[in-house]
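First, one chain by itself: the form predicted on its own, in structure tokens.
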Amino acid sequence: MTIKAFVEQEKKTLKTKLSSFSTQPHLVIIQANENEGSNIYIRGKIQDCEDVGIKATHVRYPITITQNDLLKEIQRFNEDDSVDGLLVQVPLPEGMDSKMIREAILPQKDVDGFHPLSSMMACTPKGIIDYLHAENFSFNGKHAVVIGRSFIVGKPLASALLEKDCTVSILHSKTDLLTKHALLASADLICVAVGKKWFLSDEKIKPSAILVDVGINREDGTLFGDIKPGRHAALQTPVPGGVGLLTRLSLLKNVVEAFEKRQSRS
């Protein structure tokens, strides 16, 4: 099943589920930047919410907002019982402590899944795992290689794959070439999240391998992934129209999860 078809199917399921609820889940998106990429992404998130029946509130602040004032605004939404999910869109204004901002959000409202105490999985790893499940990928004992060690994708994805009983190798900028090539050649699953056009290009891989491309690279107005297209593999996720759609879907699922947990506590 293509990622687009999978996402459409999952959104229909969510919409049916939410139509039976007496109230809508509520997501608040905080933005304090003037980044056009963020604007596009937020519009997509809001449309996704409308598609399935989630209330989305977009709150914009000037880039001149101080960190202390932004923390106060986060706390205001933390204390608002009508808000189920809260996220702060990156990038943040220059000079802000991103870790402090992330961890200011209550764990039970952290639908990005970045808070160390959040029960929700980070959206990109969650989307990848869910899609691989739908593709009947057998995680148990498989060798998974994750290229990249960011807190948003690389590390939480590696952890999630370990939970699925994969044998996981993490490659990064300090990994030597011999090790890199040896691990790639034996991998059943390769996930690349480094933000470099065609970082994985001609390396030897198994024809049975699954390639997950997390990269989004813009060059002369065109989008490129981290993996060169057309690799001889069992499955290669596209860019665009790939992992980005899965990430957005996972955000919806996390908002619904946060809503259901709040309902069970009340």
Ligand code: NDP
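A residue's number is simply how far along the shown sequence it sits, counting from 1. Note that this is a predicted model, so its numbers are computed, not measured.
Omitted here: the form predicted in complex with this ligand. The next part is about that form.
Q: Pick the stretch from 211-219, 228-236, 44-52, 31-39 whose residues have a heavy atom within 4.5 Å of this ligand in the predicted bound form.
A: Heavy-atom contact with the partner occurs in 211-219.
Q: Heavy atom to heavy atom, is G148 within 4.5 Å of this ligand in the predicted bound form?
A: Yes, G148 sits close enough to this ligand in the predicted bound form that at least one of its heavy atoms falls within 4.5 Å.
Q: With heavy atoms only and a cut-off of 4.5 Å, decide whether V168 touches this ligand in the predicted bound form.
A: Heavy-atom contact with this ligand at 4.5 Å: absent for V168.
Q: With a cut-off of 4.5 Å between heavy atoms, is V194 one of the residues that contacts this ligand in the predicted bound form?
A: Flag for V194 set to yes.
Q: Please check if N136 has a heavy atom lying within 4.5 Å of any heavy atom of this ligand in the predicted bound form.
A: The answer is no: N136 has no heavy atom within 4.5 Å of this ligand.
Q: So this ligand isn't shown here. In the predicted bound form, which residue out of L14, V243, L251, A258 has a non-hydrogen atom within 4.5 Å of it?
A: In short, V243.
Q: Could you tell me which one of V153, M121, A144, I105 places a heavy atom within 4.5 Å of this ligand in the predicted bound form?
A: Checked against the cut-off, the match is V153.
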